[in-house]
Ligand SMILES: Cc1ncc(COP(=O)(O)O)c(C=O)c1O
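Presented as structure tokens, the chain that follows is alone, the form predicted alone.
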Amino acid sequence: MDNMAKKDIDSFQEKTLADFVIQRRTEPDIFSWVDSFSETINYLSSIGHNMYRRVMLSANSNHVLVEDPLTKKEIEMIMMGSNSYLGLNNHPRVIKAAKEAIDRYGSGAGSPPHFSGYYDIHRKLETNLAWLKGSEDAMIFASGYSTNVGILSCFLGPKDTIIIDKLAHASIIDGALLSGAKLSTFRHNDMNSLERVLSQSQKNTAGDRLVVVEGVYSMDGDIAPLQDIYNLTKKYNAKLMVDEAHATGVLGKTGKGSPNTSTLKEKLI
């Protein structure tokens, strides 16, 4: 805090993470930008207001042990930020299977799947996921983020158009940008807005059009009206991709996620 005293503390108090978005950089020097960010984060940590990168001391569950940023002591807190809705990361059968896998395969694949890092347990998982979703096949990625980025940047190109809900996850936006495709948005869960975008894009696209939505939106918990969305994509000869990260295991009578009808299963990516 001695160095902090030499700074204008008010300037730290007025800043949020939004001030450090690349587009808001006041000068082209990235080191200066990073230094300013570091000073702000250090100040927030010093007064106990930095809620990011909290140090966890126990398994992620409904109650967790966390290191207090000020006292460095262990405290128990209620977990409200986990995506492990079903608690599978702590299920005895999952833990047992993970231990057995480490004993047999080691702690890492040692290579990307397309070289020499594709194991029988990967294929078994893909087969089971395909069965769960009622699809022809499945491919696993290392994370949800890499899934959206990988799929969109692989399948779409400059001649195509990607149409996304305005509240779509950042990974969908990043994947769309990396693809080089034209990017359009429609108002959140607004079918009139989606139809306008589909109608307009129909005249201006040389390639394909892909509508991308989330089955359950991670930040708000809203559920997409998939049947209506599917009907519109079919009407305007577009295709549909659904991010089921927060719907799988949660929606549907057997936890299969958002697409509950055979017509939806036929056309979803």
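One rule holds for the numbers: they count along the sequence shown, beginning at 1. Note that the structure is predicted; figures quoted are calculated from it, not measured.
Unshown form predicted in complex with this ligand; subsequent notes refer to it.
Taking the partner from elsewhere, K133 is found to have every heavy atom lying beyond 4.5 Å of this ligand in the model of the complex.
In the model of the complex, this ligand sits within 4.5 Å of a heavy atom belonging to S143. Although the partner is absent here, L251 sits far enough away that none of its heavy atoms falls within 4.5 Å of this ligand in the model of the complex. Residue contact check for N148: one or more of its heavy atoms lie within 4.5 Å of this ligand in the model of the complex. Per the 4.5 Å heavy atom criterion, this ligand in the model of the complex is contacted by stretch 165-173, the sole one of 193-201, 151-159, 115-123, 165-173. Note on the partner interface in the model of the complex: the residue among S32, S218, S46, S61 having a heavy atom within 4.5 angstroms of this ligand is S218. Looking at 194-214, the one residue that comes within 4.5 Å of this ligand in the model of the complex, counting any heavy atom, is E214.
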